[in-house]
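Let's start with one chain on its own, the form predicted on its own, as structure tokens.
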């Protein structure tokens, strides 16, 4: 199959196995080029196939030599379509880990389900005995409650009043106005149910009941706050309510983990191009501006650079950097520097379709988006016939989402 990118809206419907492999290998090389992490031994990553979850697994494995179990919900290839990028990423990760004799096993299925929690618990019990780090990095648009069977769908809306602002069609290079009506109370509640902390609590409580959490265990969930510019659609919108719920869950989990001398933490990370962020109005234009400024300053980071800093500066050091007033770890510190945000605020009112390429790094945004799916990767011949069907060694009897 000759695999090329097919963009529909903010989604790419194809992925390239060799491109994804090279992208994962680049992250591994980055970690290998830095000093080792003296940290976790046995790690569970929930949401392990893309973005910050994948970066966490790479840093734990190749930075600390940890054994990792990854949980994700990805699509295997068939004769008519490619696998999802997360499938290819996970196959690449396992291949690279096994090549070096490092333990890595994966579970594919609905992380919100009781069945997946049971499968993960059995694998931990069988191979690791206990885990000392649990990363929670799910970014799903829907969730089925395992107790009631009700399906919740999240929405990206403001609360209280309509939102009017700018956004960008990155692939057409068009800046345009956007109007988003406010969410209903039901939409707010549903978004909290999907993106809040309830499932994180269920995972940790289940593992604790099974005695699978080691003394001193840490569990980390990822979040984003962003600048005032995006607050109406993000921090003060439906997603913001979900993030408030996530913080409440962190506080409750920390109390529950006290007998183990454990802790539940939230890491607030920098804005990066992900499949999730591409769907949020305003955010892609903000990211394109942010990229230009941070690249000029030499402070730009992707997922792997940030997660390496999270491990080395915050989680596994005798002198961790200070948290903010809410107790959050701030890996977005370089994004939120006053001079960076002042420049974005000054440029924002001026930006139009005509000056987009001059004022923003729209090319860098698009390039990062393509790279999520294994495209625009140096050294890959995209005209060459490749086999889209790639195995993940540790997965048996795969169910296709």
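Just so we're clear, the structure is a prediction, and the values are computed from it rather than from any experiment. Numbering follows the first chain given and starts at 1.
What follows is about the form predicted together with a small molecule, which we do not show.
Participant: Considering non-hydrogen atoms and a 4.5 Å limit, does the small molecule approach residue 222 in the model of the complex?
Facilitator: Residue-level check for residue 222: yes, a contact with the small molecule.
Participant: Would residue 61 count as a contact of the small molecule in the model of the complex, using a 4.5 angstroms cut-off between non-hydrogen atoms?
Facilitator: No.
Participant: Taking the small molecule as it sits in the model of the complex, is residue 373 near enough to touch it, meaning that at least one heavy atom pair lies within 4.5 angstroms?
Facilitator: Residue 373 lies outside the contact set for the small molecule.
Participant: Residue 276 versus the small molecule, in the model of the complex: is there a non-hydrogen atom within 4.5 Å?
Facilitator: It does: once the small molecule is placed as it appears in the model of the complex, residue 276 has a heavy atom within 4.5 Å of it.
Participant: Report whether all of 1, 19 and 88 sit within 4.5 Å of the small molecule in the model of the complex, measuring from non-hydrogen atoms.
Facilitator: Not a single listed residue reaches the small molecule in the model of the complex, so no.
Participant: In the model of the complex, which of 107-115, 176-184, 124-132, 322-330 comes within 4.5 Å of the small molecule (heavy atoms)?
Facilitator: Contact-bearing stretch, as computed: 107-115.
Participant: Heavy atom within 4.5 Å of the small molecule in the model of the complex: which of 155, 210, 245, 140?
Facilitator: Filtering the options by heavy-atom distance leaves 140.
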